[in-house]
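Read the single chain below, which is given as structure tokens and is the form predicted on its own.
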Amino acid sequence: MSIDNPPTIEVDQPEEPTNRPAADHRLKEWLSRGYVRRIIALSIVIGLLIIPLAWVVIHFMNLSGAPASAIMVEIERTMFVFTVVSAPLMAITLAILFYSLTGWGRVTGEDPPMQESPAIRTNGTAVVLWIAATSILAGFLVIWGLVELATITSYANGSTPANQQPNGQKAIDINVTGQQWVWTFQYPDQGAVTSDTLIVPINVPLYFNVTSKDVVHDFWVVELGIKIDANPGAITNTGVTPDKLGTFNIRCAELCGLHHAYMQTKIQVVTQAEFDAWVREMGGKRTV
């Protein structure tokens, strides 16, 4: 025996199955099963019930007066779209869960209820469809989220100083201070007027400098759709342009102690004339 040609050892290799049905045949066989048809029908019914929730969610969000800014309009649109898009996935999940509890749960006898199905990983059609569907869904959600984030950021001007915002109208600078368990608002451009209620004119950009005197709070103007942390020893910034007259809610969205739930006040969106009159009453100077 030559050294250059060492003996080879034959190793038993698993044989490729020769009687495996085609992927489309297995799909048809799977769809012909009674439980599969019932789960699909149940998924359709649940999906048709879930989709109207998109309107229900928006309805309850608007009970207190929203949307009162372009930012809140974008948030509501995103909530609506995400609810509709997620409805089929939620329907399928709930259908399988419901049928697992009520359908398969009633199986009796010693015989197995059905023949074991082939592994999904060996079904090329199922694998390709699953990867394609989930990739399209994930891509849509990512792209939508990035576009909405850029749009909301442009409305908020959170990283742009008040005197450099990219619109022709000068923003009103407002210092927001949170402390257990009240909010305080100061208007430096109006003679340092201070109030525990936020009074602002309609259709005028607002620029908030947010901080805290003690623990971390979160400045949340509910119907205007802005929310940002108030950190002790630091200033965070955000902005918004209110476009609806009325009285709306300001809350703390960060657990900050015993009376966190009561750390709330109001924002009143008024006309420019009413705002100027309020500033004069508070001893400040007219808006520039």
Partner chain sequence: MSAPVTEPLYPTTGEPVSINARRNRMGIWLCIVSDITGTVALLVAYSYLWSLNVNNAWAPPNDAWAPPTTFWLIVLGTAVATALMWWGLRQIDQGNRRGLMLAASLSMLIILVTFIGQIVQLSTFPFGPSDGAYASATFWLCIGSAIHLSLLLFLTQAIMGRTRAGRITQGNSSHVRLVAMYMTWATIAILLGAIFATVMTTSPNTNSPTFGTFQE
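Numbering follows the first chain given and starts at 1. Note that the structure is a prediction, hence the values are computed from the model and not measured.
Below, we turn to the form predicted in complex with the partner chain, even though it does not appear here.
*From the list L245, I235, A41, L49, which entry has a heavy atom within 4.5 Å of the partner chain in the predicted bound form?*
Exactly one residue meets the criterion: I235.
_Taking the partner chain as it sits in the predicted bound form, is K213 near enough to touch it, meaning that at least one heavy atom pair lies within 4.5 angstroms?_
So K213 counts as contacting the partner chain.
*According to a 4.5 angstroms non-hydrogen atom cut-off, is S195 in contact with the partner chain in the predicted bound form?*
Outside the cut-off, so no.
*Classify V176 as contacting or not contacting the partner chain in the predicted bound form by the rule of any non-hydrogen atom within 4.5 angstroms, answering yes or no.*
Contact with the partner chain, yes.
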